[in-house]
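Only one chain is shown below, in structure tokens, and it's the form predicted alone.
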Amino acid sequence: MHDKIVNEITWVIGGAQGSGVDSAANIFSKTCAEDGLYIFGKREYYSNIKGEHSYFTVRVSNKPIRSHKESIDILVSFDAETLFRHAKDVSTNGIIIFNSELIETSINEIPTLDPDVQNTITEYCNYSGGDPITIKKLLEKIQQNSIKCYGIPYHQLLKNFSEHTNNPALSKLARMINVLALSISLSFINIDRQALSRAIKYIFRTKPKIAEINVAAAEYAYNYAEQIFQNNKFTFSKNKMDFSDIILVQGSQSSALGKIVAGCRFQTYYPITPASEDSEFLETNQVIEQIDGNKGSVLVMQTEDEISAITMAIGGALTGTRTATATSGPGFSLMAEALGWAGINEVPLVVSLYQRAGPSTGLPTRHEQGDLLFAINAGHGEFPRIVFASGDIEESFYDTLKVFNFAEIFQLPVIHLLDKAIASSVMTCKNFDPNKISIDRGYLIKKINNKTKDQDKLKHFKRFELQKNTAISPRPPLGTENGIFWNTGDEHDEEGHISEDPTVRIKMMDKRMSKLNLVLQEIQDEDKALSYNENSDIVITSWGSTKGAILDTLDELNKEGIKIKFVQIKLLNPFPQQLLEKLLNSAKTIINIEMNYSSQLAKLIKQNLQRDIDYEIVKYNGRPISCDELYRVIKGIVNNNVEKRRIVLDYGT
């Protein structure tokens, strides 16, 4: 057999939740990255703790990639359900690695398969027999598409390994099957075997004995596959990258890393998916080795609810400490009243809002971009806030540094929009540069000369002083010597005292709301919106984590000579109207792409630019957009083969 020369492959591993799917995927991703390949991976899982189906998709390439694909080149399964759910997506000449001990398992024996899934599988197999369809029958259908199926007796292989190492106890460690399976799959990829050992040692770096056992198991399984299957390999063309300047980052880590670099020293949270991983990473890395050699720390506080989380964070910000709270949609709903308190008191607070599918509990572990308009309008009354969205893992690191600066420069709450797709992804990025963005703490004063002529008394400090040329007042931290001022949820005068005077009300409202114009004047254009592929009268507009699929789609269309402009809007509130009018001025066709039902960005464009969207592409089934499905729709629009002005994408497993 000859090696198959490829530029990329998509690898998928699946199994029951809690069976080690994530560990296996992390080892696979780290192995490929160590060997100089680019990675984009996404994790999908149910909201229960154990038992339901979990899977991890990893796209591997010799060039930078930013999204996932539908078609699978190598499918690795621990269980029968993974085969039933994903085998139909394996591409021609692809590979399936499965548990041969389950060959007679029928579809009716899997209680976690929904009826719709069962019907889809039965239709795919064109099966009309009286008995339930089995793994054996499914694979017979699959092999008609030139797909190679390799059955592995996992438990027997584990037993053989335990005998090989004279350690009978290993035969009972079912979770080790994931290492055996991923190692066998790597034997079908022409990759440095030492990279696999390094990856395992890194993943289990805090458990050296476990790492040693897993390295031995991986070596045993790899040799087994080489001897038994004499397999042909996927070999990547062209030179691989130099890994020395590349890092493999999980999305749940990137913003947390940005917080550490930005000088965030206090974060609050109440556990909620997918935001909790941000705080958990900070908890794991609370003691920081700083550039000057000193030790710093981040205090992470798990509170009794989200109301406590935001109010405690506000208290931290009032002391002059850079502070954040992290939450998801339901938790953010509870924070709305306190968000208004931060707004009326001009508190520089960062809220990391990791969106997920709603409403209510919705799909707790699935993806959506449904909170845009809510983030812009949350809270009763009117007060200024910045709503800022990151498009990918790398951006979320640098944007986190920026949003802390914005919060303190303009003295207002900043809602940093992230989402489940970013949080549950893994990606190769250029090494983060902590010096790329400097810290700007705004008009923060540390010392007040506030004594009267009578040296025994102090004047009240005008924390909300009405300045002639700016809406920004001097901000002393609570506890500053001679700094006496009030904070209240009521309207107030310059010293913070409650006031219902109509003149004072007008002045204070004007002061606060004028910050929105100041934001638009002072934030740089590249932080408001990014533009790609300038020379085209077809323009895609979008925001957030759709960025990767859009850019990968544009790369494919560029190869065919099709140029499409993409405008990624990052500053959603205040809305950068003038800049977007300029960027969309030459557009004859506007295609808006979002992960929500109602095209919320399209509504903002209509409201602010009085411009109608020509095509709306939306997806709201809880799964991120793949570049495959997006390519098909965009190509159809370009070729005038799409009649509907609203296209709903529905791919997802």
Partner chain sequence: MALKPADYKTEVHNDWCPGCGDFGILNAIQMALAELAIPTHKAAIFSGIGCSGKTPHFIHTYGIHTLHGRVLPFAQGAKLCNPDLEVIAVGGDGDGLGIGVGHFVSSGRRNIDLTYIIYNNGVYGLTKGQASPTLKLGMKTKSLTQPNVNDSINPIALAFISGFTFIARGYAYDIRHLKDLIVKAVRHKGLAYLDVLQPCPTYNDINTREWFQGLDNTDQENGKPIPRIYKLENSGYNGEVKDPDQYYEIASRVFEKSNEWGDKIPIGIFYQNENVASYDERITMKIDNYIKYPPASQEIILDKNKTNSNINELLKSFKVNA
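None of the values given here were measured: they were computed from a predicted structure. Positions refer to the first chain, counted from 1.
Below, we turn to the form predicted together with the partner chain, even though it does not appear here.
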Original post:
Looking at 387-395, 527-535, 265-273, 559-567, which lies within 4.5 angstroms of the partner chain in the predicted complex, counting heavy atoms?
Top reply: 265-273
**OP:** Name the residue from 108, 235, 431, 470 that puts a heavy atom within 4.5 Å of the partner chain in the predicted complex.
**Re:** 431
**OP:** Could you check which residue among 544, 94, 576, 483 gets a heavy atom within 4.5 Å of the partner chain in the predicted complex?
**Re:** 483
Subject >> Non-hydrogen atom contact residue 489 with the partner chain in the predicted complex at 4.5 angstroms >> reply: yes
Original post:
Is there a non-hydrogen atom of residue 460 within 4.5 angstroms of a non-hydrogen atom of the partner chain in the predicted complex?
Top reply: yes
Original post:
Is there a non-hydrogen atom of residue 614 within 4.5 angstroms of a non-hydrogen atom of the partner chain in the predicted complex?
Top reply: no
Subject >> the partner chain contact in the predicted complex: residue 128, any heavy atom under 4.5 Å >> reply: no
Original post:
Who in 299-315 is close to the partner chain in the predicted complex, meaning a heavy atom within 4.5 Å?
Top reply: 299, 300, 301, 302, 303, 304, 305, 306, 307, 308, 311, 312, 314, 315
